[in-house]
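Two forms of the same protein chain are encoded below as C-alpha cells; each is given separately, as structure 1 and structure 2.
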Structure 1
Amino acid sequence: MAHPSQLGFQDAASPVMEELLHFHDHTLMIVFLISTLVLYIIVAMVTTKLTNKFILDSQEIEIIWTLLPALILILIALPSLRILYLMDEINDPHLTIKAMGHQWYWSYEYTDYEDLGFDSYMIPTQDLTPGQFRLLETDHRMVIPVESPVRVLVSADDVLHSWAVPSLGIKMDAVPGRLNQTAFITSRPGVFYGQCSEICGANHSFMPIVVEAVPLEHFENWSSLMLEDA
C-alpha cells in the first residue's frame, strides 16, 4: 500500500507493473538528462558576455535539434508500445471475477463453478482495529489464488466508477451497461489496496478495493467458507 507523503509508485505485485516500473525509470533518466542539459544552457546563456548581432541561420544546429529529439522520442516510444501491447494480452485465465461498482461499495461475483457473490464495504474509521489502514480496509476482500491468471470483468450498477489497484498496475473504468475486461497475475502473496478512481458521488473516496492473493488451497478453503456463509 502507499505510505504517507509517497511520491513514487508502490512496489510491483504483478509482472505488468514491474515492466511499468522499469519503463518509468528508463523515461525518468532521459527526462533527468534533458533537464540537466536545459539547466546548463540557461546558466550558460545568462552568464556569457558574447553576443552575435549578425547571425542569420545555422544548418548544423537546426539538424541536431531536430534529429536528437526525434531519436529520444523513438527511444521512449518503443518500450512504451511494447508494454501497451503486453498489457492487452490475456493468457487463458484460471478464474473470472465480476467486479460491480455501486454507490458506494464494490460487489464481487465468482460464478465459474458455484454462485458466490458478496459486497465489499469500507470499514468505517471508528470500527478499525489497531494495525488496520484508515479508508482502505473493507469487510470482505477479493481473494484470488497467487500466480494464477485472473480475469476481472468490471461494470457498474448506477454511475461511473473505476476499479484500480496500483500495485498490480490495473485501472479499469466501471461503466453502467458496459463490461470492461482486464487480467493480471500476482507474482507474490499479499494484500493489495486500491481506491475508486472515478468521481461517483458523496462517498467516492470511501469505497476502497482490497485484493488478497493467497495459495490455491487457502483460496479453496476461503471459497468453501464463503459459500457456506451465503
Structure 2
Amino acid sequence: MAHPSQLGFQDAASPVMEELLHFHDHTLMIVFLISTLVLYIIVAMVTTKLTNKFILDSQEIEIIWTLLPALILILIALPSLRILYLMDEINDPHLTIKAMGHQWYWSYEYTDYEDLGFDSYMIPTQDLTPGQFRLLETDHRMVIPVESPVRVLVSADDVLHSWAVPSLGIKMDAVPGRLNQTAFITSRPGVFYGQCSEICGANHSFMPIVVEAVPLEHFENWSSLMLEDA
C-alpha cells in the first residue's frame, strides 16, 4: 500500500501493474530527455552572440523536427498499445467475482459458488484494532487465490462508482445497468487496498476495497467456512 510522503506508484502485485510501471519509467525518461533538449536550446539561443538575419528557411532542420517527434510518438505508442491489449485479455479465469457498488459500500458475489456472497462495509475508526488502517479496512475482504486468473464483473446498483486497486493495476467503472469486466493475477500473497474512484455522493470517501490474496488451500478453507455460515 502507499506510504506517507510517497511520490511513486505502489509496489506492483500483478503482472499488468509491473508492465505499467515499466511503461511509466520508459515514458518518463523520454519526457526527461525532451525537456533537457528544449532547455538546452533555449539557453543556447538566449546566451549566444552569433546571429544571422539572412537565414529564411532550412530544409534539413524542418526534416529533423518533423521526423524526430514522429519517432518519439512511435516509441511511446507501441508499448502503450501492447499494455492496453494485455489489460483487456481474459483467458480462462479460475474464479469469477461480481462486485456491485452501492451508496456507500461494495457487495461481492462469487458466481462459481451457489450461495457465496456478502456486503463489505468500511470499519469505523472507533472500531479499528491496532495495525488496521483508517478509512481502508472493511468488515469482509474479497479473498482470492494467489497466482490464479480472476475475473471481476463490475456494476452498480444506484449511481456511478469505480472499483480500483492501484497495486493490482485495476480501475473499472461501475455503471448502473451495465456489466463491465476486468481480470488480474496476483503474483504474491498479501492484502491490497483500494477505494471507490468515482465521486458517488456524500460518503464517497468511505467505501474502501480490500483484496486478500491467499494460497489456494487457505482460499478453499475460507470458502467452505463462508458457505457453512450462509
Partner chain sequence: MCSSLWGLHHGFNPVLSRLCVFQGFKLLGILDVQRTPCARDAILHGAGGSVAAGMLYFLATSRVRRSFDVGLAGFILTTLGSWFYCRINNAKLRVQQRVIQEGIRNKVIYEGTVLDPSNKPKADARSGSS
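Heads up, when I say rigid core I mean the largest set of C-alphas that superpose within 1.5 Å between the two forms. Throughout, residue numbering runs from 1 along the sequence of structure 1. The model shown is predicted, which means the values in this text are computed figures rather than measured ones.
Here the chain appears twice, and structure 2 is the form predicted on its own.
Ala202 is not among the residues whose C-alpha shifts by 2 Å or more between the two structures once the rigid core is aligned; its shift stays under 2 Å. Taking the core as reference, the Cα of Asn52 moves 3.0 angstrom between the two structures.
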